[in-house]
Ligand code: GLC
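Only one chain is shown below, in structure tokens, and it's the form predicted on its own.
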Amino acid sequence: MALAEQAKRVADEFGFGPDAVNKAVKEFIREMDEGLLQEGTELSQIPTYVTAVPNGTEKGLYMAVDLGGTNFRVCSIQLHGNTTFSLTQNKVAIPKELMVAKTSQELFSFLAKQIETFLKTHHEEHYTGFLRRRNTIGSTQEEEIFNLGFTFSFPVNQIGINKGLLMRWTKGFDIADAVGKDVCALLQTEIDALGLPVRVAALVNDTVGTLMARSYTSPGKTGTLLGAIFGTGTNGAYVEKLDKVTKLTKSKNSGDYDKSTGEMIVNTEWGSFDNSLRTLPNTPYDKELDEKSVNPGIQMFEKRVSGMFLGEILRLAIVGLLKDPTFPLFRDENSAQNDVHSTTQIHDNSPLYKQWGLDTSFLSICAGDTSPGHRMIRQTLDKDYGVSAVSAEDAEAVRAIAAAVGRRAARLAAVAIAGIVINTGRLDSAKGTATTEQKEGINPPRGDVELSEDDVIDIGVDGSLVEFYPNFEDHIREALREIESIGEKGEKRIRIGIAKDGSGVGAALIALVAGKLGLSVSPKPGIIWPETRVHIAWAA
């Protein structure tokens, strides 16, 4: 069998056709509804206590901080009220000793000091004026307080828009006395100790932030339905009808939330969709990846879709072929069989033989290489992966398999998007997402919109796959057209746009909504700030 035919046989193992897509969509909808009813389900469906999205007319100056790993970022975001914003930021590395500090106070006081440094550096006039009035008059004005969105990328049990109990540390952090405590209160305590004009208004998930950032910057009047990340990991957050979130509305232990919009943003945590493998494809390469992963049996959707895993799936497929003596990949009986007239060799220490040795960016190179004889693929295999004298036929075989892995990921992504579009009823209704203000009469207009605005279903996406993998959106749209409840007509109504910086701009917008919708937020345990229905910041 010729190499091209054998490569096609392997590529076909990654097929995920229309019937499989439709079956998976039905399962996604079933798991969505199950997760809204109860805890402990495959789709977590976490209520975020955020009940409206921005519409692009909001103004003011807000703050955001992002503790996502080994760095801490502090931002201020000036919203201009015309879908645009200006961002100022500082980033600092977390000292390793603080990642394993004896007390949470050591870490959170360090974070508060970075906020103080940021205010002194970038907002000195306001900060010193606030201190002067507080020291001479003894009180300050509500308008002088920054609302801050806190992106905290560790597992938390969120019990309010600005309340979340740390479940466990990850990413090298290990501070035992913080577990079970409200991380917003820990930060607020240290902010108050420094006398800073800052209120921790919202605890933020970066996927929810992606939804908010897109809704602020998107063209037209319609609020964004879904924010999705397709990068190193994958997740989605969407706007759900409040009365469907019964595990929240019927719970006696839920925190306070605004009920006036009738909606709630839900964090799906869809990386764990179909962990039971009722409908997800499961090739031998998927099985091997899962068995050798640090978390076998969970995040099964993410392991087929996200950038962290696609390179490894391709690597396992290639290694499997190299072990098959009947498969002529990277093999020449003599140099005359190779178009570069040199015998192909794989170095013994090639990353292809090591777990996680093949970076997912290689799939993007394969998809985008239209050069004669696939020169870019061959050069990358030589330079980065220790495979010398790769033939054009070898490169084409690798390209075909890589394309199949990437296309399957995009078609799986379409399953999640379609499930949310269908289950929220947006295809059947012209009603858009609730926003912080009514969208009618927005002036200036929010960009050019080809469809009638009432027909648009807006989706914000972020991540390396949607940004850098060629034709990823095209593959998503191809699958959407094949889904029974969407079809060509429905697919045309779905507008997909890039949303950047959910942990910065998105976090600031959630802080805005926390104030704008009149939610009580506590800077200190036992102290409730007055409710207000105007955003608490100062305008430029």
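When you see a residue number, it is the position in the sequence shown, counting from 1. As the structure is a computational prediction, the values presented were derived from the model and not from experiment. Take the two forms, find the largest set of C-alpha atoms that superpose within 1.5 Å, and that set is the rigid core.
There is another form of the same protein, the form predicted in complex with this ligand; it is not shown, and what comes next is about it.
Per the 4.5 Å heavy atom criterion, this ligand in the model of the complex is contacted by stretch 233-241, the sole one of 190-198, 407-415, 313-321, 233-241. This chain is displayed alone, yet in the model of the complex one of Gln345, Ser153, Ser260, Thr246 has a heavy atom within 4.5 Å of this ligand; that residue is Ser153.
Site annotation in the model of the complex: the residue of Lys171, Lys354, His126, Lys91 reaching within 4.5 Å of this ligand with a heavy atom is Lys171. In the model of the complex, no heavy atom of Glu393 sits within 4.5 Å of this ligand. Taking the partner from elsewhere, Ser76 is found to have every heavy atom lying beyond 4.5 Å of this ligand in the model of the complex. Shown alone here, Asn205 lies within 4.5 Å of this ligand in the model of the complex, counting heavy atoms only. For the chain shown alone, Asp182 is not a contact residue for this ligand in the model of the complex, no non-hydrogen atom being within 4.5 angstroms.
Applying a 4.5 Å heavy atom cutoff to this ligand in the model of the complex picks out Glu269 as the lone residue from 261-277. Gly487 shows a C-alpha shift below 2 Å between this form and the one not shown [criterion: core-superposed Cα displacement of 2 Å]. After superposing the rigid core, the C-alpha of Leu36 moves by less than 2 Å between this form and the one not shown.
With the core superposed, Pro155 shows a C-alpha displacement of at least 2 Å between this form and the one not shown.
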